Ligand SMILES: Cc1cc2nc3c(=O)[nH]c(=O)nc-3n(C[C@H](O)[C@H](O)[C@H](O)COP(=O)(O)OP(=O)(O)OC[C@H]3O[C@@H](n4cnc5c(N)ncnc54)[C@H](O)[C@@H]3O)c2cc1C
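Single chain ahead, by itself, as structure tokens, in the form predicted alone.
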Amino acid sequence: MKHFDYIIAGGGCSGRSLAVRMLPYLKATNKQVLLVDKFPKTGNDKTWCFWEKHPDIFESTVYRKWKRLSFSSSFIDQELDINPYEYKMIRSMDFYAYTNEQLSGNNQIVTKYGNVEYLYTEKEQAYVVIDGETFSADYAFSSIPKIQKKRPERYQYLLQHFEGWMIETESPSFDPECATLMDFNTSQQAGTSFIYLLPLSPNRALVEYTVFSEKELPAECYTAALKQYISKQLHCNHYLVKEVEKGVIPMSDHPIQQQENCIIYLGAAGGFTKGSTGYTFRFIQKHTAAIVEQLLKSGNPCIPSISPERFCTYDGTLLHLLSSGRLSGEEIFSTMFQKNNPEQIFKFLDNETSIIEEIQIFETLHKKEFIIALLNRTLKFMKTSYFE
């Protein structure tokens, strides 16, 4: 049985982020990592967007960034001053190319393609079964999601589902210096829905229709919503759809186990998707950076949670409120952006605010409705705990 110091199961964003961040540590200690994925990744299968104050190690892969954002709804229409943040976009094809270059030809990284069938811990070691062959390691890092039984009587479950079109117009139609974070000028019948627009040039942009609801929509609903927005709001009737991307992101307050003995979970598999927004990229980077920092300090990759537990409560309360229908997502987000500094909102959504800063934000929101949602969520916990 082949033994490695570490095994990374899954070569997507989180697995590759960890592998690249580990390179200086591996070189200094002469340790070796086995990186496993189903197949080589080169295509543009995803787009990651995030806000950031300072450049991180993947800054060279940023395809486009904006210093200006806009927010629109039936309540407000405003441009957001996001300084000192920048809103950034990374295409997966660029991320894969960069990480392939960093990892290839490195003696500390062994890449293997195959199907990870099973992960388990035994005698203080991790084991990974790949196409029937077992490999061992001191620790395994996995971004492969575990099947989790839903408990709707206790937790909230919504989906963030979307379809985006990369369109090219005949004439200049966009301001390439200003992206649209949320535009709620869409039908809200299916659930909280908005358009997300990333202009890449005056005549090229990613236009994405996003919905928060319990179920996905029929394919024709996304098409109809995008066509209507492009025609009515962007006033574009002549354009070409160059690329299409679709996705579904779970939004839940269901706790996810981040470590199981010698197996440490990464990315969405470790619960690093923000429950109330679906943003993941920055949380992956914070988590993987913290793992490597701990390795450099102690040689042990085990770390405490990167975010205080109270943020899970905040996410769950918002999801409960959205599910109840007592307030629309348009009302909640419009009030938040109308009454708060965007810098504070981004800091809050990154789980980096202090309790005093959080209270200041809560004071601007629909306090009665949020308190009712918090109480109802708490009662669900108490009721289910009583019968357990």
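Residue positions are given as counts along the sequence shown, with the first one as 1. All values derive from a computational prediction rather than experimental measurement.
This next part talks about the form predicted in complex with the ligand, which is not shown.
Annotation: in the predicted bound form, residues G12, N115 and E245 each come within 4.5 Å of the ligand through at least one heavy atom. Segments offered: 55 to 63, 342 to 350, 35 to 43, 357 to 365. Contacting the ligand in the predicted bound form at heavy atom distances within 4.5 Å is 35 to 43. Proximity to the ligand in the predicted bound form, defined as a heavy atom within 4.5 Å, holds among V110, V292, I167, I144 only for I144. This chain appears without its partner; in the predicted bound form, the one residue of G278, P176, P301, G191 with a heavy atom within 4.5 Å of the ligand is G278.
The shortest heavy atom separation between Y222 and the ligand in the predicted bound form exceeds 4.5 Å.
The ligand is not drawn, but in the predicted bound form it has a heavy atom within 4.5 Å of G267. Residue contact check for F333: none of its heavy atoms lie within 4.5 Å of the ligand in the predicted bound form.
Contact check for F337: no non-hydrogen atom falls within 4.5 Å of the ligand in the predicted bound form.
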